[in-house]
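As a starting point, one isolated chain is supplied in structure tokens, in the form predicted alone.
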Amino acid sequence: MYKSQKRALLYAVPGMALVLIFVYYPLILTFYNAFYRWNAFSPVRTFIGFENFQRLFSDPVIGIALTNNTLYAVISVIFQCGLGLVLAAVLENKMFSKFQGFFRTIYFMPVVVSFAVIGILWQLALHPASGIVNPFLHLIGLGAFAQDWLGQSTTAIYSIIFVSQWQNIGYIMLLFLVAMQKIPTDYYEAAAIDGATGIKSFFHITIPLVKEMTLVTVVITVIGAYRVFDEVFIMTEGGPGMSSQTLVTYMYRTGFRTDEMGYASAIAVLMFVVLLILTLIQIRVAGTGRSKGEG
């Protein structure tokens, strides 16, 4: 038994080494760098203590970025997780069982499409003069809503969020499908005998029994929302002004545009802390991992 344990530990060492080198070492280095004022083109580093972290609380752009990330997270959870769950339930219905493979492929295809291409196409489509969105609104009698979607601070972030929602719904749907296929069919048969409709079975059987997967999808979606970069950078670069900045785009701007690497590291630390707190809260609320006897 002792030899087998040593052999198992030996097999685990390469994986542990990779995690330490590519995950924990950069994380520790980021915390360390946040206490210094430095730039990428100079070997000189000045220790400034908590000055970068104090700046976070007085920087108005941080407030804008946190608000935008939170909006992104809330809307993404509602649309991506909500629609992903509904689509998975529909495809698990007997009426769609023969065509499930086809629809799974169709819904999943957007996940593998580069958002760089999609972002550029939507940037053109939302253009106030040459785009197709405003003419379409005029065509269907909603011309009063036509505007410069990406050029106004009040609509830019919402336009970006709208464009990005559809891409990950197929991935979330597949995760829910995996969870639903593990639910015993006896539950649905018993519910049907008792006169429960498909909608009632969905709310009283499906949703409770995919609770663990719901937590996983919510955590994935929230983390993705606070790490969003491509969509914002491609479509607005955080503009107009700073109205559509997120934590990652602002960190990129601070580190590679204004060359304030220490402050960019502090923003990265803030992202880590926010995501850690949100994940722990979600796990606590969902009660994941508790035994039935625990309160």
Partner chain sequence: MKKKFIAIIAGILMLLLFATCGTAAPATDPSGAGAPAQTPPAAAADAEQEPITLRFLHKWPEPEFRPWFDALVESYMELNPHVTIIAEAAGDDPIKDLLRIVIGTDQQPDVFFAWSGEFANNFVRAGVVLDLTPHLDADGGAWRNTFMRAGLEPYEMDGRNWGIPIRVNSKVFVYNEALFAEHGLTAPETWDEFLYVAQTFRDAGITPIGFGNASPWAACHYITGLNQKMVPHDVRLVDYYFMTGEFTHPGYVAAHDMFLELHDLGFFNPYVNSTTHSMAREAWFMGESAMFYLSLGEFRTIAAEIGPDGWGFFPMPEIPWGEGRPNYLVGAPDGFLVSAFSQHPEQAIDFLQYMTNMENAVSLIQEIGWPSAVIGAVEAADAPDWLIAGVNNLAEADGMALWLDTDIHIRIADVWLPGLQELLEGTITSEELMQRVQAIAQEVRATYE
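Throughout, rigid core stands for the largest set of C-alpha atoms superposing within 1.5 Å between the two forms. Numbering follows the first chain given and starts at 1. If you're wondering where the values come from, they're calculated on a predicted model, not measured in any experiment.
FYI, the form predicted together with the partner chain isn't displayed, but the following is about it.
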Out of T154, T197, T105, S97, which one falls within 4.5 Å of the partner chain in the model of the complex, going by heavy atoms? T154
Heavy atom within 4.5 Å of the partner chain in the model of the complex - the one residue of P110, G82, P128, G224 that qualifies: P128
Checking a candidate spot here: are E92, Y171 and T185 all in contact with the partner chain in the model of the complex (at least one heavy atom each within 4.5 Å)? no
Quick one: does T67 come within 4.5 Å of the partner chain in the model of the complex, counting heavy atoms only? no
Partner proximity in the model of the complex: G241 to the partner chain, non-hydrogen atom cutoff 4.5 Å: yes
Contact with the partner chain in the model of the complex for L29, defined as at least one heavy atom pair within 4.5 Å: yes or no? yes
Indicate whether the partner chain has at least one heavy atom within 4.5 Å of a heavy atom of L150 in the model of the complex. yes
Restricting to 35 to 49, the residues within 4.5 Å of the partner chain in the model of the complex through any heavy atom are R37, W38, N39, A40, F41, S42, P43, R45
Note yes or no: does the Cα of P208 move by 2 Å or more between the shown form and the other one after the core is superposed? no
